[in-house]
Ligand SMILES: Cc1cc2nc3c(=O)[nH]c(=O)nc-3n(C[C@H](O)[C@H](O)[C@H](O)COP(=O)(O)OP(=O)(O)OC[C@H]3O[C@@H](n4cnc5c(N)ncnc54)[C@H](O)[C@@H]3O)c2cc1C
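Just the one chain here, the form predicted on its own, laid out as structure tokens.
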């Protein structure tokens, strides 16, 4: 077996792996190996984020919207504010963006189609075995999730979306619908709309619940929504995406010099499912430690984690009250405060304002149900 040595190995060329690889190779001379199990990375999902706090993908976004809204009980609430935009980048364009940067750096190497058989950590050396080679490093950052999320007992955000092209130009391409909350008794469900042009949209049905649904049920949601809102319009489905995101803390099975990142490292904000901005924040913290020759650690805000746990427990136990929860959240708070909360950057006054705008008694009960 051929053995090759690197300073750092990253497993997984997803968002967290690419952002971390970019940050390390940009700010240090450490040699980095990125191992990806897929032979080719293609367009399989849309990645959305706010333009604040700023990150290097802002200028490369495929779409930018200045207008966003939510629809609750059939009533639309506009959430627009000067300077705040909602951005979308296709996954394949994100891969191209980072690959074009990383491949110019002499301290970076990527191997596609890497089938990892095993890994072990001994005496500050991590050893990874693939089909034909052994790779060693002093640090391993691993984005693989150890547990099957769909079999977990925690709250999940699960979704299925389709890209729809209409025969005629009938779409308001300037406004995103973040939530069109559906009136369902035992499940919290909303429709999410991204307009790409006057005749093309992404329609996505999203649930917050403990169990995922059949593909047929998701499709049925979208068909019913299209029938109610675009009755008689001819359209074709061009693309489908789906996913499952944990709304609970994953137990990190870290061993010495092996650190979980991305979803596996709890980089996803539990209450929203957003993770891209955290990838930039946490990657910077990791590299700050590496430069100072300290063991990499991430400074997570325990107070925001506590709030996320409380909100998720509230929705888990009170799905019938989730509509009221989000109605108050969006109606009683300005977009700048909402975005700051979604990105964990609110100050104490802003955070208290949000808490006071929500169903307080039910939230207090949820606090005592957190384990």
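On a predicted model such as this, the values are computed, not experimentally measured, just so you know. Positions refer to the first chain, counted from 1.
From this point on, the text means the form predicted together with the named molecule, which you will not see here.
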Select, from the options 44-52, 66-74, 310-318, 340-348, the stretch whose residues sit within 4.5 angstroms of the named molecule in the predicted bound form by heavy atom distance.
44-52
Please determine whether residue 242 contacts the named molecule in the predicted bound form, using a 4.5 Å cut-off between heavy atoms.
yes
Are any of the heavy atoms in residue 159 no more than 4.5 Å from a heavy atom of the named molecule in the predicted bound form?
yes
Exercise: residue 137 in contact with the named molecule in the predicted bound form, heavy atom 4.5 Å
no
Residue 11: touches the named molecule in the predicted bound form, heavy atom cutoff 4.5 angstroms
yes
Can you work out which of 189, 263, 130, 271 has a heavy atom no more than 4.5 Å from the named molecule in the predicted bound form?
263
Partner-free chain; cross-checking the named molecule in the predicted bound form, the single residue of 222, 79, 114, 102 with a heavy atom within 4.5 Å is 114
